[in-house]
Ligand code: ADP
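Okay, here we've got a single chain as C-alpha cells, the form predicted alone, with questions on binding and movement later.
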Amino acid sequence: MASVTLRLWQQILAHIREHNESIVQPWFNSLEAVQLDNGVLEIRVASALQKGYLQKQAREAFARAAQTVTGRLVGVRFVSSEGEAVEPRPGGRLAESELYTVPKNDYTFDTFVVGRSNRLAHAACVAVSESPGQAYNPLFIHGSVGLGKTHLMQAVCQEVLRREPTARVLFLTCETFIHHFIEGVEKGDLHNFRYRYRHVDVLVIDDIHFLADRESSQEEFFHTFNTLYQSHKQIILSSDSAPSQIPSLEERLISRFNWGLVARIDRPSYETRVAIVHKKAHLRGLTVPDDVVCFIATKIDSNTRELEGALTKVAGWATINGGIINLELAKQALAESDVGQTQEISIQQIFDAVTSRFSVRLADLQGKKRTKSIAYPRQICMHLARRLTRHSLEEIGGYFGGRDHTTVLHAVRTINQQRSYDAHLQALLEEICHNLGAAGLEQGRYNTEVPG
C-alpha cells in the first residue's frame, strides 16, 4: 500500500482537466486520493451522488490520467462515506429526493469577485435568487470558458435553497439533459423524464449550446421551456456565445432565450484579476505577498480558471520548496510551462481561416458531405481546433454539426500522422497558424501527444 503525494494527485487532476474538460465538475477540487494499492487508485468523494457521477462518466478518464502520470497500469475505485450511489428504480418513478440535484461546493456569491466584466451578470443572478421566476426569466449568461458562468449559476442555486430549503432546484449540464432524454426514449420512459424536468421551481442548464444540431433534443427542450415559463418557474442557461450565435439552433429557441435578460461576461480587468487571486488565496488559507499576487494577475490575463491554476502551481512549488511563497519562487513556478503565454484562438477564427484557404463554405464543413474536397479541410479544421483551443473533443464535435467525439479524435490523429511525412501539409498547417496569429504556437502544440 502506498500513499499518493499531493503533487502526483494534482498532476492527475491537471491531466483530466486538459484532456477531458467536458466531464470536469467544480467539486473535483474536493476529491481526495486515499491510496494506491495493488494497482488500484482509491479516490474518496464527498457524497454518493458524486460517486455515481464519477463511476458512470469519469472512471476511464481517471484511469487513463493515473496511468499517464504514474507510467503504470492503474485502475480506480471511488469510495464515499454515504454508501452506494443512488440509482433510478427500474420500472418505477424516481423518488422526490432523486429528482432535484445541486452540487454542494463553495460556488456562492460571497466567493465571487465582481468587476466591470461581470457586473451585469452578477446583479442579475442576485436578483433571480431573491425572486425566482419574476426578476429575469429566462436568464441567459454567455462568455468564454473560465469566466465564472458556472460559479454564478450555482450561486443562484445555493441562495435559492438557503432562502427556501424545499425549493425544487435542478442544476445540470446540457449533455446530461440530452443523455437523460435519449435514455428516456430508449427505455420508453419519457414520462419520468418529463416529470423530472417540468416540475421544478428552478431549472439551470450549463452549456446549452450543445443542443445545436440535435433536433429531437431541441424539440423536447422547447416544450420543457414553455411549460416552465408558463408556470412562472425560473430558467437559467449558459453558453459560450449569445443565443443568435449558436450554430444550428432553432429560431424559436433563439427567440425564447432572448425573452428575458441576456448577460455577457468578458475577460476580467487587471484590478479584478488581482482581487480574484487575493480571494482564491484567502479561501485556501494561503499567505501570498502582494508582489506575487500582482505578478500572477499580470502574467495571466485570460480567465479565472487559469488564475486559479497558476495559484495552485505556485502553492505546489512552495510545498516542495519549504512552504514559503515569494516572487522568485512564483517566477520559477510559472516559467516552467507556457502558463499565460498561449494566445487564445477561437473556433470561429479557425473556421474563417480554413474556409478561406480551401474556398469551401462553413455550411459544408458542418454538413454531412464526405467528398475529399470537404472531408480534408474539415479534418484540418478539427485538428487545429483541438490544438489551438481549450475545447474538449465533445465540444469541438458540437461545432461540426454535432459529430461524436470519436470523429474528432480520428481527424486529429489522421492529420497528426500525415503531417509527420507530408511536408506540404506541415507547411500548410504552419501557414494557417501564422495567419491566425499563433506563430510559434503550432510547433509546441504539434509536438504534444494526441490525447486518447
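Treat the numbers as computed from the prediction; the structure is a model and nothing was measured. Quick note: we count residues from 1 along the sequence shown, nothing fancier.
Note that the form predicted in complex with the ligand isn't included here; everything after this is about it.
Taking 4.5 angstroms as the heavy atom distance cut-off, pick the stretch from 106 to 114, 191 to 199, 159 to 167, 323 to 331 that is near the ligand in the predicted bound form.
Answer to the contact question: 106 to 114.
Counting non-hydrogen atoms within 4.5 angstroms of the ligand in the predicted bound form, say which of Ala155, Cys174, Ala353, Val145 makes the cut.
In short, Val145.
Go through His151, Lys313, Arg214, Lys233 and name the one with a heavy atom inside 4.5 Å of the ligand in the predicted bound form.
Of the candidates His151, Lys313, Arg214, Lys233, His151 is the one lying within 4.5 Å of the ligand in the predicted bound form.
Would Glu308 sit within 4.5 Å of the ligand in the predicted bound form, counting heavy atoms only?
Yes, Glu308 lies within 4.5 Å of the ligand in the predicted bound form.
Any of the heavy atoms of Lys280 lying within 4.5 Å of the ligand in the predicted bound form?
Heavy-atom contact with the ligand at 4.5 Å: present for Lys280.
Considering non-hydrogen atoms and a 4.5 Å limit, does the ligand approach Glu394 in the predicted bound form?
Taking the distances in the predicted bound form, the answer for Glu394 is no, it never comes within 4.5 Å of the ligand.
Does the ligand get within 4.5 angstroms of any non-hydrogen atom of Ile276 in the predicted bound form?
So Ile276 counts as contacting the ligand.
Who in 122 to 141 is close to the ligand in the predicted bound form, meaning a heavy atom within 4.5 Å?
Nothing in the stretch sits within 4.5 Å of the partner.
Since the C-alpha distance between Glu395 and Glu215 changes by 3 Å or more in the predicted bound form, give its direction relative to the shown form: closer or farther.
Farther is correct, given that in the predicted bound form the C-alpha spacing of Glu395 to Glu215 is increased by at least 3 Å.
Taking the cut-off of 3 Å or more as given, in which direction does the distance between the C-alpha atoms of Gly316 and Arg390 change in the predicted bound form, closer or farther?
Their C-alpha distance shrinks by at least 3 Å in the predicted bound form.
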